[in-house]
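Next up: a single chain in structure tokens, the form predicted on its own.
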């Protein structure tokens, strides 16, 4: 099988070129073509000789994903892309324009796994079987493909698509690091957000390794008993241990922690607001409220009036609070709605 060239860090790319008798500077040229000029084939790399291009085509693949479908929201212009992987599976990415109430932000929401093992009740991805982790090249190629197809260059990345990023920790961190290279996508660490549902060992590793990427945690309940129902991962890594880790470790880090909270009718009481204040003592927290998009027989989305009432209760936290606008809901592109179109008939 051909190698996926986007799996390589810059050092690994230099070693690869050395192995085929080429100078190390070829690696930076390759990065400029792939991530700067966003080319899809070796044939477009005009400062390589024909013989080098032929050798690279023989050994490697630039773009491992194929775009099978592209939808545009008639409500807000959000675009959703369905990609087929080299082994015949499907993932989705979303281009969010003017997202999160910020008119200066252009975000690509990317996937980290094919399917998901976490089983969260409010997420469509949980309803399809977990297949495998995405390779670093497949994570990065989502950005390349969306940029190429849309003609737009994003300034923000969120790992909030299909899958649990911290169950694919090494590939996700490697991809985020490559995004940050000055000769790659050149995205600031502060413009890259990695979301997790609460994989404690990997969160601790992330903090200990002093990564500067933004960290977001899907909280979604203040009662551990209820969270274990909506998010089965809570049975292994309980809410209280999650809060304790952040209270002890995060003050030593430089990251702002975002707590993501999916709003349901049964998790927006006065007691929920009080429990949230007791749980998190770490001061550099932002709370991101997300009205439920994926309802089931046991869950329902609260009314706008109920959401406003809950926000007033949260004033006791004295932290920044935002309500995420559900962009792309008419094309199943909003938070919790990604599933892969090829699986939609079985959902």
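Positions refer to the first chain, counted from 1. Everything numeric in this text was worked out from a predicted model, so none of it was measured.
The form predicted in complex with S-adenosyl-L-homocysteine (SAH) is left out here; the points below concern that form.
Visitor: Does any heavy atom of residue 290 come within 4.5 Å of a heavy atom of S-adenosyl-L-homocysteine (SAH) in the predicted bound form?
Guide: Because a heavy atom of residue 290 falls inside 4.5 Å of S-adenosyl-L-homocysteine (SAH) in the predicted bound form, the answer is yes.
Visitor: Quick one: does residue 81 come within 4.5 Å of S-adenosyl-L-homocysteine (SAH) in the predicted bound form, counting heavy atoms only?
Guide: Because no heavy atom of residue 81 falls inside 4.5 Å of S-adenosyl-L-homocysteine (SAH) in the predicted bound form, the answer is no.
Visitor: How about residue 218 - does it come within 4.5 Å of S-adenosyl-L-homocysteine (SAH) in the predicted bound form, if we only consider non-hydrogen atoms?
Guide: Residue 218: contacts S-adenosyl-L-homocysteine (SAH) in the predicted bound form.
Visitor: How about residue 196 - does it come within 4.5 Å of S-adenosyl-L-homocysteine (SAH) in the predicted bound form, if we only consider non-hydrogen atoms?
Guide: Result yes; residue 196 sits at the interface with S-adenosyl-L-homocysteine (SAH) in the predicted bound form.
Visitor: Heavy atom within 4.5 Å of S-adenosyl-L-homocysteine (SAH) in the predicted bound form: which of 95, 114, 160, 187?
Guide: Of the listed residues, the single hit is 160.
Visitor: Within 4.5 Å of S-adenosyl-L-homocysteine (SAH) in the predicted bound form, heavy atoms considered, which of 134, 140, 91, 262?
Guide: Of the candidates 134, 140, 91, 262, 262 is the one lying within 4.5 Å of S-adenosyl-L-homocysteine (SAH) in the predicted bound form.
Visitor: Using a 4.5 Å heavy atom cut-off, which of 81 to 89, 265 to 273, 218 to 226, 168 to 176 contacts S-adenosyl-L-homocysteine (SAH) in the predicted bound form?
Guide: Of the options, only 218 to 226 has residues within 4.5 Å of the partner.
Visitor: Just to make sure I understand: among 122 to 140, which residues lie within 4.5 Å of S-adenosyl-L-homocysteine (SAH) in the predicted bound form, judging by heavy atoms?
Guide: The stretch 122 to 140, when checked against S-adenosyl-L-homocysteine (SAH) in the predicted bound form, contributes 122, 123 at the 4.5 Å heavy-atom cut-off.
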